[in-house]
Every structure is written in C-alpha cells, then in structure tokens.
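Just the one chain here, the form predicted on its own, laid out as structure tokens.
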Amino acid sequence: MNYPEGFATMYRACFGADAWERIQDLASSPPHRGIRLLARDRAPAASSAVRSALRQAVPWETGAYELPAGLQAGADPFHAAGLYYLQEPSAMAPVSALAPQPGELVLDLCAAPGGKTVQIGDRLGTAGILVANEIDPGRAGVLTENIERTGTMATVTNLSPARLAAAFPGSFDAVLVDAPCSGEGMFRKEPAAVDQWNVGLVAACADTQLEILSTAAAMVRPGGRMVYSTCTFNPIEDECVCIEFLSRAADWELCPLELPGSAAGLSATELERAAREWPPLAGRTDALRAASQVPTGHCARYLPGGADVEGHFVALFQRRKSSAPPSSAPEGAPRSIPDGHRRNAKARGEPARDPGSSPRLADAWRGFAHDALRRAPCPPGAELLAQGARLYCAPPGPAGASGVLRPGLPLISNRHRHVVPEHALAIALRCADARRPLRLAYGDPRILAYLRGEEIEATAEESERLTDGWTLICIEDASLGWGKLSGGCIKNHYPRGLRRPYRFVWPH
C-alpha cells in the first residue's frame, strides 16, 4: 500500500517513527476482524463452528473476540439467526465508553451500517429506548437490515441532525456521535479511502464533525453524556474537534477515559510539537490556542500495531447538571421522550394515523399471537402502531411519520389480504416463545435448505406434534424465520433478499 505523503508526514509527526514503522509493516496484511456474541446468546451451542474457534477476547467489550483468519463466520447459520455481529475490534470501543444502561433513552446519531446500534441495543435489551438515525437513505436501509437481522428493538429515523434536535431538545441520557470522517482507519479494508485522502478532505470533515457534535449536544439532558468517535487518526478531526467544541460549550466537560489497550489522546504539548512538523495542524490555530485548557489526554486512541485493530478515536463528554428536577420515572423504567414528541396519538385525543387499517391489524396481531406465540416480545410501555400495511411494536419515538423508517419492531403485515408475520419478529423470539417451533439440531441439512429459500419436509412425528399453521423454524434454541406447515410440507417464508446459496460445511 502506498500511503499518501501528507498522511505519512502527519502520522510520523503525531505518533512517532516507531508507530509509522508499525503501520507500514501492517500495510500488506489483511485487516483485523472481530465478532460480538449478543448478550441473549452469549454462549451459543458448543457445536457451533464459529463459537468453538474463538480464542482471543477483545478486552474492552464483553462477549467480543478477535476473529481467526480464514474463519467464514458469515456463512454459519447462527449468523443468520442473529446470534452475533461481525465488527472490527476497535469499532466496539465507542459504545464501551458510552456505557448505555438498561432504562436509558439513547441516540445513535450517525448510525449506519448499524454495528454500534446493535451493540447499544444489546446492552439495553427491552428496558430502554433506542433511536438510530442515518441521514443517507441508502445507508439507512442497510442500518434497518442489520437491526432486523439481530432482532434489535430500535426506532430508525432518516432525519438531519438539526431536525432531530428540534424534536428532542435536552431529551437523551446518552448520545453516540460516530462521525463521518476521512477514514484513515479504513485504509486496509477499503483501499479507495487511500486514493480519496487529502488535507482538504480532512479539514472539510472536521468542520462537518464540529457541526454535528454541537447539534448532538443540544439533545442531551443535563447530567447526560455523549461520545464522539472517528475511525481516523489525525488530530484535526480528533483532538482539535473536541477542543473547538468545548470552547463553544460552557456546560460540557471532557471526562477521563481509560479503555483497555488504548493510548491517551495527544496532549497540548504534543499537539504543538506535531504542528511544527505538519503545517495543516498549525492552521487550526484557534483549537491549538485553547489546547492548554483542555485535557485532551483524557481521550482514547487505538493505533494499528499498538493493538490488533484498524484504529479508532474516542472521547467522552458529560453535560454539567443543572437545577432541573430529577426524573420521576420508577427505577428501571426507560426515561420517556417528552409528551410533545410521543407517538401515543390516542392519549392526546388524536385520531390514529391509519384509522382504517390500524384496528384490523391490531386484531389480527392479537389473533396471531394467541395462536402462534407463548410470549410476545413487546416491552412494557410499548404500543401497537400501524404504518401502512405493517404493524409495529413501537416504543416512544419521534413525532409524526416523516423521516421515520422503522418506528419499532415489525410484528405482522397485511399482504394481499393475508396476515403474514415479519421476519424481524421471528429473530426477536426464542424457540421457547413459539407454540409450534420446529427445533432443528445444528447440522440438520434442512437448515441450509431453508436458508436457501427451499421448501422443507417435516417428519411424521414433527407434523403430528406441530399441527398445520405458522411454524417458527429454529436452529437449536435460536430462531431463523417463519414457515407454514401444511400436510407435512413447510412453505418457506425466509425473506427473498436474505436467501443465498449456502455451502456451509458442518463441523464433525
């Protein structure tokens, strides 16, 4: 890999010759990969080919491991069941720093492709409210797909930060700003990022990052916290953005942050020294003048070669508490979005958004749940919300339908006058939650046939036990999707967009 000369100068100036030699040594090797086991299935079956191959834990995130070279984890059926998420190890650090807690109201502002959103949702479970926003429509679609593949309870919005801030002033307990950046930590994974890198791009990214960070800050409640992160190394997009933000935000402070395996952020002295060797840094004079007043060493940075990572920068901020009265929510209950921004139209005396379909869909859901489920996955306080021909289990979220792509967990939809359960509902369930689960052992050839979209056969004993109707197809205790049993044949309802020619080799 031929790094841009300006990048090489920056890296040597900021992190030293030894660090530059380490990143050069890694340039021709494949990028590091990681895997997170979701909390609900932190220890899936020992027979899993992936689970049994994991050895080296990622120390800054529970249930995370380095992925061994050559292990095709995405082909394992447990991946299709949403039991784990593939993610570069240092990309897990921002959520570890944010430390979302059950019962909190959390925003992932720049959420696509969804790894950090799923990580937050995994920590919240059903005891919290998660809003995931992505301004780019195409990337928002990828975000939604990853959320649904893992059964994550989240509201997905497609709004500008400014519009979101107007709807939620001072509302969130925690906000993650994993900002768009010049992508220096993506060089090995996406070589196109090398060709696109230049000092002008760095400066433009920093200006955008500062604007997004300042807007995000307006959505955090007094006493709340915010994490700013990038997958880039240069201090113009990292320390300088933090310094400039704090110079404009008197009610915020930078918190000490110690993440295992990370290095501290550059101090004021280190920034001044680096600026003498890399002139673009000296050009950010306002930030450098304020640097001595800001403890930028509180930040955390992962550099390639320092740990088995591609690289990330993380800073933790806290908004100072004010005289605002404490929440009256009971212990363990999620903090509510202000009434003016809740979806509960009935409570405000307004008509339902779709008065024709909403009651029918709600009745259809109750009938389906009574027939097919032992337990529904809707958390306390959620409501049934019809949006078009689909019914959702919706926690409180942004007001109105504009910009809301996914108001919660999809439950059922009306397709050609037939009620069909949603795939996301299946993934949110466990085998024991269904009245008629088809529990297939790891290694059963029908699993791969189902994932390819083929019709599968039930044995005589299975047909007698299950009876005809909607069946939850499971691999051991994890759900894969829906099928409809009739006369011993199970019609495949695995989404067409997820079907692919699986050629997975089961371990012996």
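From 1 onward, residues are counted along the sequence shown. The shown structure was predicted, so the numbers you read here are calculated from the model rather than taken from an experiment.
Heads up, the form predicted in complex with ligand SAM isn't pictured, but that's what we're talking about next.
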Do Ala132 and ligand SAM share at least one heavy atom pair within 4.5 Å in the predicted complex?
no
Contact of Ala112 with ligand SAM in the predicted complex (heavy atom, 4.5 Å)
yes
I'd like to know whether Asp136 contacts ligand SAM in the predicted complex, with contact meaning heavy atoms within 4.5 angstroms.
yes
Gln72 within 4.5 Å of ligand SAM in the predicted complex, heavy atoms:
no
Out of Ala364, Ile212, Val199, Ala218, which one falls within 4.5 Å of ligand SAM in the predicted complex, going by heavy atoms?
Ile212
If we test each of Asp76, Asp178, Glu310, Glu148 for a heavy atom within 4.5 Å of ligand SAM in the predicted complex, the one that passes is Asp178
Are Gln24, Pro68 and Arg188 jointly within 4.5 Å of ligand SAM in the predicted complex, each by at least one heavy atom?
no
Thinking of ligand SAM in the predicted complex, which stretch from 244-252, 113-121, 302-310, 165-173 has heavy atoms inside 4.5 Å of it?
113-121
